[in-house]
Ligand code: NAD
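The data below hold one chain only, encoded as structure tokens and taken in the form predicted on its own.
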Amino acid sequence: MDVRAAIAVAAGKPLEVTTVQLEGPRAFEVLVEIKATGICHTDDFTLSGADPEGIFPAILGHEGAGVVVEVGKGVTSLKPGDHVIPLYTPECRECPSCLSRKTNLCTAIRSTQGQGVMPDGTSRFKINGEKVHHYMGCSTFANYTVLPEIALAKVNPAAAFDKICYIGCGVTTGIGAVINTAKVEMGATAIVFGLGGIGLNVIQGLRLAGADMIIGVDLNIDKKPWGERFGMTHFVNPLEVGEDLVPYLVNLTKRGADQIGGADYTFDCTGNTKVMRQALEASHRGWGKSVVIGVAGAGQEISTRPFQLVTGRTWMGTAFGGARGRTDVPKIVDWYLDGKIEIDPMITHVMPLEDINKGFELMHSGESIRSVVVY
């Protein structure tokens, strides 16, 4: 079938909106009509050429929501008409990782996913007879796409597609990092570095968990009211503090009899390796946990003095907020419908597929929190 898609033809070039051919679902696969998709920094990271797994040509996009159109042989958990969110981190519930209950990083289709193909090693997308790669197992920058059954979460049909598509990455990653990875408790102190689409959801998660002091750190002063809207209690602009940012943050978090200072939890949402180190060193001696969420470019490394770790700090990483997609994503959609979390204010721009490159421009300029393409 012919579908409309935005193709990444090469690193650093604008997406090309055109018609491509999509083959229907094979065994254990599902054809989905994508109704809306968010434009995420990870898409931009791959498009820039910095992603070591970036393959071209490809149909990017991993933050979507849509409706099941057709199911392949052997599919039992979904049927036509179901509302779904694609999962770039699937949940097979059978691999050693899923069965361990220690991680959400399902390994069932990881190898082929990284190669830009379906589990059988082939692509469902073609243009003029030539293969076009899938992206993160999702490819939501097309109005129809095919995914494995285990990479789809069935969700409440009462939720609007142009809002819950954000749960496919940004919302779940930010809130999940707080609840699943860091396991923040009531009364905690926390610092969030980077108040973009992920950082604001970390702040929202901290508020949900009952954190007491929530410090947002960002170079853009315009992010201050955004942070405050979602629960931030203090704002710090590193440009105003200078090289002494870590001592400043440590001092800011001193409370009562605790004169050591440092946050109970810190979160890097920038992908900047220098900031990752600052986040660790701004966490509390003896028990501080620092969670790396941002993705750095190929070949970049993080470093710190061993002293920071032997004195009790923990450096942690998280992917998709530690969420098990088919199990947890429907719950987060319900949280949204119940008013426990907010999404609507973060959807700052909505556009048709033809304007998708404008969404990337808004991201680069810092004007958007999340741009959403509606088909």
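On a predicted model such as this, the values are computed, not experimentally measured, just so you know. A residue's number is simply how far along the shown sequence it sits, counting from 1.
Keep in mind the form predicted together with the named molecule is missing from the figure; the text below concerns it.
Per the 4.5 Å heavy atom criterion, the named molecule in the predicted bound form is contacted by stretch 269-277, the sole one of 79-87, 300-308, 224-232, 269-277. Between the options 220, 115, 122, 103, the residue in contact with the named molecule in the predicted bound form by a heavy atom within 4.5 angstroms is 220. Though the named molecule is absent from this view, in the predicted bound form it lies within 4.5 Å of a heavy atom of just one residue from 191, 138, 167, 198, which is 198. Mapping the unseen interface onto this chain, residue 55 falls outside it, with no heavy atom inside 4.5 Å of the named molecule in the predicted bound form. Looking at residue 295, you'd find a heavy atom of it within 4.5 angstroms of the named molecule in the predicted bound form. Residue 363 belongs to the set of residues with a heavy atom inside 4.5 Å of the named molecule in the predicted bound form. Put simply, residue 349 is far from the named molecule in the predicted bound form: not one heavy atom of it is within 4.5 Å. Shown without its partner, the chain has 318, 319, 320 in segment 307-326 as residues with a non-hydrogen atom within 4.5 angstroms of the named molecule in the predicted bound form.
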